[in-house]
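Next comes just one chain, in structure tokens: the form predicted on its own.
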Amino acid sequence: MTDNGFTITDEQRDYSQFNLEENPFPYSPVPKNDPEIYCGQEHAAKRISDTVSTMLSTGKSKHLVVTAKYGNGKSHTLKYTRSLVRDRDDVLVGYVAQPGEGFRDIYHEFLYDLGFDRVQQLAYEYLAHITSDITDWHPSRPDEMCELIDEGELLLSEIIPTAIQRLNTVTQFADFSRAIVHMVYEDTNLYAWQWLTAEGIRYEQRKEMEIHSALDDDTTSVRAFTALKNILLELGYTGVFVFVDEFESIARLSPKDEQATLNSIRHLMDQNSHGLCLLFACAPEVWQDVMSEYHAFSERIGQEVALRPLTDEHLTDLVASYLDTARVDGTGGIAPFEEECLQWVHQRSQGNVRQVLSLCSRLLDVAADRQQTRVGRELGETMISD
């Protein structure tokens, strides 16, 4: 469709002259939920690996903050690390896009990232644990426990009193225990989910589940998070990973709210010396302020790793890795980009990953439109001047 200078079409560009099936670079350089490529930050990969591996191997809590200027890969780093541990059977992993107004928001986002089904599965898993102890049934998986209940082989009334009693000992939070148990009741599981996610429910709904308190502030959210982690450890899990992105947004809070948020996270770390790994992504200038003003919080994290702008060599590896995802002839390398072009991209982007990906994406499209087989420096200079 062409009208008043606009040409809108759904016809796809042809990248076959580059031996590519598509443009492999993102048009909007936002990190994927499950990134497949990670280049140029070997020092960060080493520090993150050490933090994660220490928690996995010892069970002792360990935390880390990843700092970098905007566009240098903080979110990508957190999501890539999450993708490495998320499929393990012995940990629970949650991603928080930004800390919000306080720890209650962090807890809320963490639970939502886990999802209703995963939390319900955890409730069945705990009931299976109790069932094996007090009956002749030995369900080993949540779905086996669910099947026993659905087929009437086992009555919930036979195990719930013992389950709540033991959960109270594990969680030290009776209302949390009741909410977890109610995740398996068809009539009340949505109320239980709303309470567990700190969304707030009416008094009548709480009364139906015999829950007496509201989960509506930072203090009870810290208590609820600790209760959840304790259930996991009771079930034999190694622990919980929490990835908190855009931590610099706490700087937008009032000093009182910022202090309260940092204090809540500090209390969370104090109450969980085992089974917890917190990874934060934060702009360096905000982290410096936190380091200088909130010692009690920053000293408990103790570790910081700063992402660096890409070098020429790293940029070449990054571009080659992206091209490999769309290459049809398996040749590898940086073709159709010429070395001088990538040097120009490096100079213009100053090694900023987001700008590198954006420039490479645009260059490839311009070259395709002009039916060129190579992408040279002069094309980049022309593209910028147009």
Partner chain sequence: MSLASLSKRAAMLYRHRTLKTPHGPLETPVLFPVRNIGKRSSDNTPEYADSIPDLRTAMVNTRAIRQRGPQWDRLLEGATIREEMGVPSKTILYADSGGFDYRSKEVDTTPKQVLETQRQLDADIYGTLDRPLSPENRAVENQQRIEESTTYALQASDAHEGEALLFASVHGHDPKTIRNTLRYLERKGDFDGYALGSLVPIRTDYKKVTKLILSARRVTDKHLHVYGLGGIVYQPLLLYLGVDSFDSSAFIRSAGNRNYLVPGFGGTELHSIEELEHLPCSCPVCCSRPLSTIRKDRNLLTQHNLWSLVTELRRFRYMVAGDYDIEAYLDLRFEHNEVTQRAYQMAKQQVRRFT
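Given the structure is predicted, the values throughout are model-derived calculations rather than measurements. Residue numbers count along the first chain shown, from 1.
Form predicted in complex with its partner chain: not shown, discussed below.
- Interface membership of Pro255, defined by any non-hydrogen atom within 4.5 Å of its partner chain in the predicted complex, is ruled out.
- Shown alone here, Phe103 lies farther than 4.5 Å from its partner chain in the predicted complex, counting heavy atoms only.
- Mapping the unseen interface onto this chain, Glu151 counts among the residues with a heavy atom inside 4.5 Å of its partner chain in the predicted complex.
- Its partner chain is not drawn, but in the predicted complex it has no heavy atom within 4.5 Å of Glu204.
- Of the candidates Val91, Ile164, Ile301, Ala283, Ile164 is the one whose heavy atoms come within 4.5 Å of its partner chain in the predicted complex; the others do not.
- Proximity to its partner chain in the predicted complex, defined as a heavy atom within 4.5 Å, singles out one entry of Glu144, Asp270, Glu158, Asp117, which is Glu158.
- Stretch-level contact analysis of 179-187, 80-88, 243-251, 288-296 against its partner chain in the predicted complex, using heavy atoms and a 4.5 Å limit, identifies 179-187.
- Contacts with its partner chain in the predicted complex, taken as any heavy atom within 4.5 Å, map within 201-216 to Glu208, Glu210.
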